[in-house]
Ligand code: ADE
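Read the single chain below, which is given as structure tokens and is the form predicted on its own.
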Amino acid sequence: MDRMEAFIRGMPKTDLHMHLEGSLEPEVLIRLGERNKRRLRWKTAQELRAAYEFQDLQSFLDLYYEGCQVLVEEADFYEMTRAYLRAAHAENVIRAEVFLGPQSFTDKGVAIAAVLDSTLEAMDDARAEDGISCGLIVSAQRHRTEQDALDLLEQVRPWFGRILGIGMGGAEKGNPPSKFRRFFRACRREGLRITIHAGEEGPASYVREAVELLGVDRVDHGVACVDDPELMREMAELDIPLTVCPISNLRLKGVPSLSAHPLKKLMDAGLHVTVNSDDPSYFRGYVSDNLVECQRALGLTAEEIVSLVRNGFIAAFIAPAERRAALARLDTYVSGFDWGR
């Protein structure tokens, strides 16, 4: 490991765009399938891992939703959440904000309380045992109707005091942010933070809708805004964070290589860019891997890496005191790092 990689991996950092369902490692997914008597196409973890070759977002989602069927009992959601947070802690993530989409499970008869209570319990235990700060964003699925999203909002109402906010993911094509204007307006009325996936495979206009029509706090992915210079200027002025996931974009054929990824262009345009993991098991890259691989592919300097990580803490849905403490911890790490010169 060279000094730059060691520097990146040792940094205190955030992961603000990570789907818990996408953190199930193949061995765990297979074991949960056997435990819950779910019939899967794959008999072994090796077979499942070999299937992680995707042509686009939809081919990934097909496998992702199939994998969700192994999560049935409260213990499953606890185990999944606790395992990710242990992995995040091991790579020096000190603030994780994670998505979970209850609709995949409640449709199959799993009680919403089983999903949320066990997930939040695992987060409480991670804070107590590892000292990692974490929060849950409930994610609605955009291939469903707006009424389905509104129904989900009512389902999670008892947990409003314990969740960070509401997000939305899934297949972008044919499902623009404007389809969910009433839903996000309702979320805003409840005082909830809101985010939406936009500009991953959808056009720059989807990012504009997310910002102008929905008034989101963050845009998840958002890389398509590079196609609209005026939009980039507006977003830089508004300082709306983007939770970019470069290895995810590579694995889903959104970019031909990391060296062709627009991350550096977005940074140079003054946008508030953060780097995150998305679905680390399926895409073979946790947040430190994303930073390391982008540094190498794009020739990012140590200062640019620090800027990306600082952006994560600034974009995080945390109290000012926690943000100040995290940034001070980052500054102490950076100033004290031994480059061996």
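Quick note: we count residues from 1 along the sequence shown, nothing fancier. None of the values given here were measured: they were computed from a predicted structure.
Just so you know, the form predicted together with adenine (ADE) exists too; it's not on screen, but the next bit is about it.
Note that among 112 to 120, 163 to 171, 260 to 268, 177 to 185, the stretch whose heavy atoms approach adenine (ADE) to within 4.5 Å in the model of the complex is 163 to 171. A heavy atom within 4.5 Å of adenine (ADE) in the model of the complex is found for exactly one of Leu29, Leu291, Val273, Leu57: Leu57. In the model of the complex, adenine (ADE) lies within 4.5 Å of some heavy atom of Tyr64.
Residue contact check for Glu200: one or more of its heavy atoms lie within 4.5 Å of adenine (ADE) in the model of the complex. Ser248 belongs to the set of residues with a heavy atom inside 4.5 Å of adenine (ADE) in the model of the complex. Heavy atoms of Arg218 never reach within 4.5 Å of adenine (ADE) in the model of the complex, leaving it off the interface.
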